[in-house]
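Okay, so here's just one chain, in C-alpha cells, the form predicted alone.
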Amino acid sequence: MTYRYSDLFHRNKQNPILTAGDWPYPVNSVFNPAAVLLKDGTTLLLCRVEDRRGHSHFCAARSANGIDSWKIDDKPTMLADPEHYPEEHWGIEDPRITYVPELNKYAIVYTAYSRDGPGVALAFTEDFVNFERLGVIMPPEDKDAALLPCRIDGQWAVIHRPVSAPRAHMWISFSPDLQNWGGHKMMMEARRGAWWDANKIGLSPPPIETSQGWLVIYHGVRQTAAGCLYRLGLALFDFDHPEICLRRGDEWVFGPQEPYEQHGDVGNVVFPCGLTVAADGDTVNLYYGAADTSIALAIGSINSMLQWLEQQSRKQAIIA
C-alpha cells in the first residue's frame, strides 16, 4: 500500500503566473506579493520588485480572475523614500495587506530595509495610488508582520518576527493608536532540533478569520547542507486572545518541488505574503514567491485546513 500525505494546496497549471518578463519596465525579479480582493472583485497583488542593484519597491498588478490577464502599473506603485524615511535606505520588501473596516482603509505592513537591518513599517491607502506612511513601528531586526483587521480588547494588534539570535519566533504586540506599541507576547516558538520549522519561523500571509479562531499559514526554515529550505505549516490561534495557540500541525503542508520553486535567485523557497478568500468563504488563492524570482499561485480550502489541524491535534493526543 502507498501512503500519501494530504494535499492541502494545489498549484495552478499556469505557474508561475507573473515573472520579470511581464513587467513594463526593467526589473531583476518579482516575488513575495501581498494580495487583496478589491470591492469590485478585482484581485490586486502588491508585488515586491527587485532591481539590479538588489533594492526592492512595490508594484501593483490587477486581474479580474486572480489568475491571468494581469494589468501591471507602468511605473513603481510605491517606492522607498529614504529622504523622508531613512529606515527605507535599502528599499522596501515583503508587504502584507489587511483591510481595516473601522478605518475604511487598507493597512500595508512591510519590511523597511535600513542601514541597521530590516524593521517593520506601516502605511495606509484607500486606492493604492496615494500612501500614508506611519514609519517604522518595530525596529531592526524584525520582519514578517501583518496587522489584524480589528481591535483586540480595544487595542490594535500586529504579528511580527523579531530575531533573537540564533532563533526567531512569532510575536504579537498591541497599540492604542497604531504608533506606540507594547504588551509584547510570544505567539509561537520555533522548535528545536531536526524539525522542519526549527530555529526560525515567521508569519506568511495575514491570518484568516474563521469561526474557530485565527487560522495562520506560517513558514519554517530548515538549515540543510545545501542551504535554507522554506516550507509552510498551519496553526490556529484564539480569536479574542491571539497570543494563545490552540493547535499547531507537526508536519509541513507545502514546500518547494517544482523547478520554478527550486531554482532561482534563492532556491528552494515558497514564500507567500498574501491570499484572497473567494465568495464561498472557503476557497483560498495563495500567492507566493517562488525561489525569490517569480510569483506563483496555489489553491486551498479553509475548511480542509481546519480539518487537517483537528486531525493533527488528535494524532498528537494519541502520541502523548
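Quantities reported herein were computed from a predicted structural model and do not represent experimental measurements. Residue positions are given as counts along the sequence shown, with the first one as 1.
Beyond what is shown, the protein has a form predicted together with a small molecule; the following relates to that form.
Interface membership of residue 143, defined by any non-hydrogen atom within 4.5 Å of the small molecule in the model of the complex, is confirmed. Contact check for residue 197: every heavy atom lies farther than 4.5 Å from the small molecule in the model of the complex. Using a 4.5 Å cutoff between non-hydrogen atoms, residue 214 does not count as a contact of the small molecule in the model of the complex. The small molecule is not drawn, but in the model of the complex it has a heavy atom within 4.5 Å of residue 266.
A heavy atom within 4.5 Å of the small molecule in the model of the complex is found for exactly one of 237, 230, 106, 156: 230. Figure note: of the listed segments 35-43, 62-70, 253-261, 269-277, the one touching the small molecule in the model of the complex, with heavy atoms no more than 4.5 Å away, is 269-277.
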